[in-house]
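Next comes just one chain, in structure tokens: the form predicted alone.
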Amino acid sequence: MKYFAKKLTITVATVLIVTLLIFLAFNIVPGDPVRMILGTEASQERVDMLREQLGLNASMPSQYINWVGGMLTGNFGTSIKYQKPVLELIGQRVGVTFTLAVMTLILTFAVAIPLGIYSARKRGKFGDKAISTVAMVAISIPGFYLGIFFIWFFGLKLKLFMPGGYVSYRTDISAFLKFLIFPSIVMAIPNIAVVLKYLRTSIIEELKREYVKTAYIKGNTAKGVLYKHVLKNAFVPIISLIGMITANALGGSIIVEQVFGIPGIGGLLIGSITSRDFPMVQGMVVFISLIIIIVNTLADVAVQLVDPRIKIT
């Protein structure tokens, strides 16, 4: 219980620090944000009106307190471009990005776990070397390049999907999921490489421990030792990776959504940056940061529940 209370305190402190850094990043940068939004030709009346709307007439400490206080009640601000609450606009798009992220995670672990186990069992052999080589290449390929290749090869050449033919889940759920398969594969490929390398290393390290020798002495087969004893301990570091993989899924979605023309929060963020919609950008950055912090915290708690001997601060 003491660990969980400590973890909750650290999480709350992390959220406060992140919100403070985001606030400072948007308010200490040189230049007048109102003039940047409206342009240098805007009248003083429009400037004063927007400054009042954004609450920029108050002192910076007051602005921060009001901003954080608003978020605690679900008020992430109002978009200048759309004239709608930021959280409402995020809510309209987050379902698409969430589905894409879940599909990415499922593909990642469905492929990485068997490959990681196989690679560890065949350590130093041809299969292991081939998987390691492909994994290194997969990590090195930029996401936008991989996305463009998938559109050209699987979309235009093989015609397995229609590039730009996104279908909303409100219209046709099966067509929606079918279209997201290829973007999720693009996002999953580098994550698969990372997870299988971590899992391979973790299994190899566990195989060196004393309890494995004891298991062999008791008459267990190599497969029995691996699946009954080693994997349970080897998966502990992989649980910690879930937070990082989720962050990659959210970060990667910004690029992949643009490449494939998917109307998720990535496209909304890029559009808001382009239109200089600072309240929208600020609210979205906080929203994404909160998701990453929460997922990382849950991953640490899961590790503690699986193996109480491990202390994660």
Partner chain sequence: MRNKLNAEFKIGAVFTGIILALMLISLIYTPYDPYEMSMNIADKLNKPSAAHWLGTDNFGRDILSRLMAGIKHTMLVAVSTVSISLTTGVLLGLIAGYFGKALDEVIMRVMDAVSSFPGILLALVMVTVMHQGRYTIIIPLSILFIPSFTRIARGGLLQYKSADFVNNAKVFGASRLRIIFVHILPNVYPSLLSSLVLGLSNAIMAESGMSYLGLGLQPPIPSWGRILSEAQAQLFIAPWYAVVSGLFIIFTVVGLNFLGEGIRKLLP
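Please read all numbers here as calculations on a predicted model, not as lab measurements. Residue numbers count along the first chain shown, from 1.
The discussion below concerns the form predicted in complex with the partner chain, not included here.
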{"query": "All of 5, 189 and 196 with a heavy atom within 4.5 Å of the partner chain in the predicted complex", "finding": "no"}
{"query": "The partner chain contact in the predicted complex: residue 59, any heavy atom under 4.5 Å", "finding": "no"}
{"query": "Proximity of residue 258 to the partner chain in the predicted complex, heavy atoms at 4.5 Å", "finding": "yes"}
{"query": "Close approach of residue 22 to the partner chain in the predicted complex, 4.5 Å, heavy atom", "finding": "yes"}
{"query": "is_contact(residue 145, the partner chain) in the predicted complex, heavy atom dist at most 4.5 Å", "finding": "yes"}
{"query": "Contact segment among 95 to 103, 81 to 89, 227 to 235, 150 to 158, judged by heavy atoms lying within 4.5 Å of the partner chain in the predicted complex", "finding": "150 to 158"}
{"query": "The single option of 133, 214, 221, 171 touching the partner chain in the predicted complex, heavy atom within 4.5 Å", "finding": "133"}
{"query": "Residues within stretch 110 to 142 having a non-hydrogen atom within 4.5 Å of the partner chain in the predicted complex", "finding": "133, 136, 137, 139, 140, 141, 142"}
